[in-house]
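Two forms of a single protein chain come next, each set out by itself as structure tokens; they are called structure 1 and structure 2.
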Structure 1
Amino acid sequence: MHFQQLTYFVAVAETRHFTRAAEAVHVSQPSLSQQIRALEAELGADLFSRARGNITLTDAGEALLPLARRILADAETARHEVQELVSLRRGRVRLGATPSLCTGLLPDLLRAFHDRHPGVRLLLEEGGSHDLVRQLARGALDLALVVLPLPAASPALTTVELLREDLVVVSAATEPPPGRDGSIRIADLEGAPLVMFRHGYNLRELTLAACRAEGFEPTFTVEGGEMDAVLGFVRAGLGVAVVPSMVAARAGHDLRRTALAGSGLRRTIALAHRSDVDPPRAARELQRMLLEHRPVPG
């Protein structure tokens, strides 16, 4: 079994078309088909069903696909690790983060990293914690900033707590301030128009759980947005939203920030990577900078 065969197999599995797969990996279609047949012969099983030109994965193909992706990702990581042994003048870091962290935490940190290592490429994947955990598991990311606790079905990951961040309520600066004396209780959100994130957002689950703990279901005027969309809807006066304090601090003067009274709401951010594979050198350097300069939310 060769890496090239696995590359061709993954290309066909993703395109479900031999000709398009051959174009994607820059090889002739007959050569690609020959290598797929050789792989099937070595494994002793058909990987694709080729009924009337409709290409689908067999059970054996379905079983091989996640393993092949992980093998190829690990091989690519190994290649980059060797290239980076001499210095950090080149390389890459594949970093995953939630949209709120991309807005609040990462801009200054990535600027400092780039200034120190301008030859290292920064590849950023935005997504929810559940999606980022899956990306880490398949070897598509070196590091990820995730919200704890991790999903119950998470693979073996190493996590280091980075910070605990308060959540605050933001509202349009042109609207009357919510709450009293510069703060608001979760209970005060009952009946208030809320702009809510899409399903899968950790902030959505945290807000819903807090409201239900106070005995009510929140009222949504708009739901389903990403961070930028939610802030835009709040600016337009459609309602208020519960967001991380670092995001609120960067949101501009057209949004009012109101603290949550009492115990309030907090979330725990951690830096995660696979336990069975050390991150590449450039990723370890970014990890070191993150841990050494843990932000203090204002």
Structure 2
Amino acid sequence: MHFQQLTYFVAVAETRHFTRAAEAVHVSQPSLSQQIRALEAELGADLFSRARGNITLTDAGEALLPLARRILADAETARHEVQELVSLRRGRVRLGATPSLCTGLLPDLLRAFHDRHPGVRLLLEEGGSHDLVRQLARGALDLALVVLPLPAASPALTTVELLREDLVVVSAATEPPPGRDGSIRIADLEGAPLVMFRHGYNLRELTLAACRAEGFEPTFTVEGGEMDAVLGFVRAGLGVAVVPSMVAARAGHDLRRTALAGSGLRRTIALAHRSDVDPPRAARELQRMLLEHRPVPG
């Protein structure tokens, strides 16, 4: 049984005429006759009674017709469905990102993506880099925005470096500015009241490591919050915090932003996906847009 044969069969059933059916399906009449014969032979029953000028379906033909129509419709649907995925009129991207990236980088990007491909669903998984890497490996995510270096031994993940972001110190605008001359050194943080993120934040590890490299343990007034909470505590004058510059830029005028002097402190943000399978079409498109619109790199 071939799709062609079913197409021809339906055409004859609808026109009740071999020659006109052949024209309708753009094939010569002998070819169509032959294929109908072949289908009849395979099924072991005549499908049409070929009365001169009065072609009618036999009972076997009557039984076949609705199924043939449905099969052809399903095939058409299949083509259409796949086409919609390919053309990004439909689809899904499962994107993971660390909390700081969710507030900093993503909103504009996802907005732009959604405007361009409104039919594609965006599923965002907010989590620590460790979790995200595991989810990627399990196939639960298509793409993740992570902070390098990756925590775990990455199981066959490909990472594309996206941008290097300076970390800055934020403090309440109502408090005297920390440091000197509008800039601050890591060493100046010794003894300073710090508002620190919860365990699991990559920023926490990064800041701690920097302080320890300078030979001191930082002092925390409050610790344990998420990004928004930390900024709130800083606004309230509880202390200063080390945050990505992109986050600081969005934090509003009641927060002062002080650059870290010298080599400063940076973090590298990368896009990760499994190496062994290509991400779906929609995820590749998101990746492409991310790389294209990437904020000033370096």
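Throughout, residue numbering runs from 1 along the sequence of structure 1. Computed from a predicted model, the values in this text were never measured in an experiment. For clarity, a rigid core is taken as the largest C-alpha set superposing within 1.5 Å between two forms.
Chemist: Pick the form predicted on its own out of these two and give me its number.
Modeler: It is the first structure (the form predicted on its own) rather than the second.
Chemist: With both forms fitted on the core, give yes or no for whether the Cα of residue 35 moves by 2 angstroms or more between structure 1 and structure 2.
Modeler: Yes, shifts by 2 Å or more.
Chemist: Relative to the superposed rigid core, does residue 10 relocate between structure 1 and structure 2 - that is, does its Cα move 2 Å or more?
Modeler: Shift of 2 Å or more: yes.
Chemist: Fitting the rigid core first, would the Cα of residue 65 be found 2 Å or more away between structure 1 and structure 2?
Modeler: Yes; residue 65 is a residue whose C-alpha shifts (by 2 Å or more) between structure 1 and structure 2 when the cores are overlaid.
Chemist: Using a rigid core fit, what is the CA shift at residue 24 between structure 1 and structure 2, in angstrom?
Modeler: Residue shift at the C-alpha: 49.8 Å.
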